[in-house]
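Just one chain follows, in the form predicted on its own, and it is written as structure tokens.
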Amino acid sequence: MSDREMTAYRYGDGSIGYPGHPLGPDGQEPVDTVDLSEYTATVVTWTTSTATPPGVREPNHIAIVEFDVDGEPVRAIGQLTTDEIESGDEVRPIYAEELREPGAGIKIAESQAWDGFRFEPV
């Protein structure tokens, strides 16, 4: 279990967005946050990229997943931990300290540190 949160924003109209935005669909500021790492999600679709940018693993398995937070659907896109997956499978977010190699490419490594969540089958 990670102490990192996968934070989504809840808005006054009841919708939830990930990643959160300063204004919701109704133009109002968020009223609350939801930690999606406490939920499981369903794989909507997935693919494997074999032509990845510098520093990104190859092959890179990516999915669109959908969380059900109190009946409100919340979609997210992210890397998978495996290619042993099918649409409709249940996954959970797993924190990853490094989603890409920060020293690869031509940009300053410190500007390329990416952490976040991957999705692992349950």
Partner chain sequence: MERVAIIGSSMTQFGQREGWIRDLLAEAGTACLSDAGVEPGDLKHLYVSNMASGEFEGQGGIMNALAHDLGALPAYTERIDQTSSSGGAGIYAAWRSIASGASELTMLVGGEKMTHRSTAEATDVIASITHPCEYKHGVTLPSFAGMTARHYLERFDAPRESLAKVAVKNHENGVDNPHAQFRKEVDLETVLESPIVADPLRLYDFCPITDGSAALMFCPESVAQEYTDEYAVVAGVAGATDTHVVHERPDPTVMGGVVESGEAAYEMSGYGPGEIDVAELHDMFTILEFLQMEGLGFAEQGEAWKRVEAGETDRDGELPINTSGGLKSKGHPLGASGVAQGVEIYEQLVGEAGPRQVDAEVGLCCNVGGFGNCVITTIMEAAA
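Positions refer to the first chain, counted from 1. Computed from a predicted model, the values in this text were never measured in an experiment.
Although not depicted, the form predicted together with its partner chain is the subject of the following passage.
Exercise. Thinking of Arg10, Gln28 and Gly71 as the candidate spot, does its partner chain come within 4.5 Å of a heavy atom on all of them in the predicted bound form?
Worked result: Spot residues vs its partner chain: no contact at all.
For this session: Identify, from the list Ser37, Thr81, Asn60, Thr42, the residue with a heavy atom within 4.5 Å of its partner chain in the predicted bound form.
Result: Selected residue: Asn60.
For this session: Please run the contact check for Pro121 against its partner chain in the predicted bound form: heavy atoms, 4.5 angstroms, yes or no?
Result: Close contact is absent here: in the predicted bound form, Pro121 is far from its partner chain, nothing within 4.5 Å, heavy atoms only.
For this session: Find out whether any non-hydrogen atom of Gly14 is located within 4.5 angstroms of its partner chain in the predicted bound form, and reply yes or no.
Result: It does not: once its partner chain is placed as it appears in the predicted bound form, Gly14 has no heavy atom within 4.5 Å of it.
Exercise. Taking heavy atoms and a 4.5 Å cut-off, does Thr48 contact its partner chain in the predicted bound form?
Worked result: It does: once its partner chain is placed as it appears in the predicted bound form, Thr48 has a heavy atom within 4.5 Å of it.
Exercise. Can Thr52 be called a contact residue for its partner chain in the predicted bound form at 4.5 Å between heavy atoms?
Worked result: Heavy-atom contact with its partner chain at 4.5 Å: present for Thr52.
For this session: Note that its partner chain is not shown here; using its position in the predicted bound form, name the residues of 100 to 119 with a heavy atom within 4.5 Å of it, in sequence order.
Result: Those in contact are Arg100, Gly105, Ile106, Lys107, Gln112, Ala113, Trp114, Asp115, Gly116, Phe117.
For this session: Over in the other structure, so in the predicted bound form, do Thr50 and Gln112 pull closer or drift farther apart at the C-alpha level? The difference is 3 angstroms or more.
Result: Farther is correct, given that in the predicted bound form the C-alpha spacing of Thr50 to Gln112 is increased by at least 3 Å.
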